[in-house]
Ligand SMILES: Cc1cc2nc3c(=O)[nH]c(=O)nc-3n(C[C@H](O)[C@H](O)[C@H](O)COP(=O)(O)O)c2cc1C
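Take a look at this single chain, the form predicted on its own, given in structure tokens.
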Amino acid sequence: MSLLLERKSVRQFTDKVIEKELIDKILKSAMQAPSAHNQQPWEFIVVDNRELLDKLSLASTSAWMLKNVNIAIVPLIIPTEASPHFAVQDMAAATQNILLEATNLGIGSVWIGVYPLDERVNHIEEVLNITGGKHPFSMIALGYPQYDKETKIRYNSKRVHYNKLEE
């Protein structure tokens, strides 16, 4: 099966620590994402401090699993001039690359939405001391899956149209 069809959201993790070399591979993959005008509007905070992970878990009700992981990655949108309108798309591509490389390495992951919700953004900026016009885009919880979860294939031919939208 294609790697793309193996990716799934994992929310239950073991205590096994992910090796730094694997985190580096994940970050290299994130930075290979396409970006408008090659602006690469990103930086990444790797969080492996238990106290910080616990505080980040309070950013939203969907961030609870950060209490159960050893590591998370917080992609930051950084100000750019080349194509600022497309920075959100660029960040989504980088986040997706993190999820795919994690899957490739046998690591479970889940994308926790942050940007553009001010309450979440502000909480994370305060916890991680983010300043200088940079903003958290998402959080990705990473860990070895506690159990093997079946991947659901989501293809739906009724959502595919050729040439124009039929009514």
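Each residue number is its position in the shown sequence, starting from 1. What you see is a predicted model, and the numbers here were worked out from it, not measured in a lab.
Missing here is the form predicted in complex with this ligand; even so, the following discussion is about that form.
- Partner contact region in the predicted bound form: 60-68, out of 100-108, 123-131, 60-68, 28-36, criterion any non-hydrogen atom within 4.5 Å of this ligand.
- Among Arg159, Lys20, Lys16, Arg154, the residue placing a heavy atom within 4.5 Å of this ligand in the predicted bound form is Arg154.
- Although the partner is absent here, Ser9 lies within 4.5 Å of this ligand in the predicted bound form, judged by heavy atoms.
- Using a 4.5 angstroms limit between non-hydrogen atoms, Leu56 is distant from this ligand in the predicted bound form.
- Shown alone here, Ala141 lies farther than 4.5 Å from this ligand in the predicted bound form, counting heavy atoms only.
- If you take 129-150 and check each residue for a heavy atom within 4.5 Å of this ligand in the predicted bound form, you get just Lys149.
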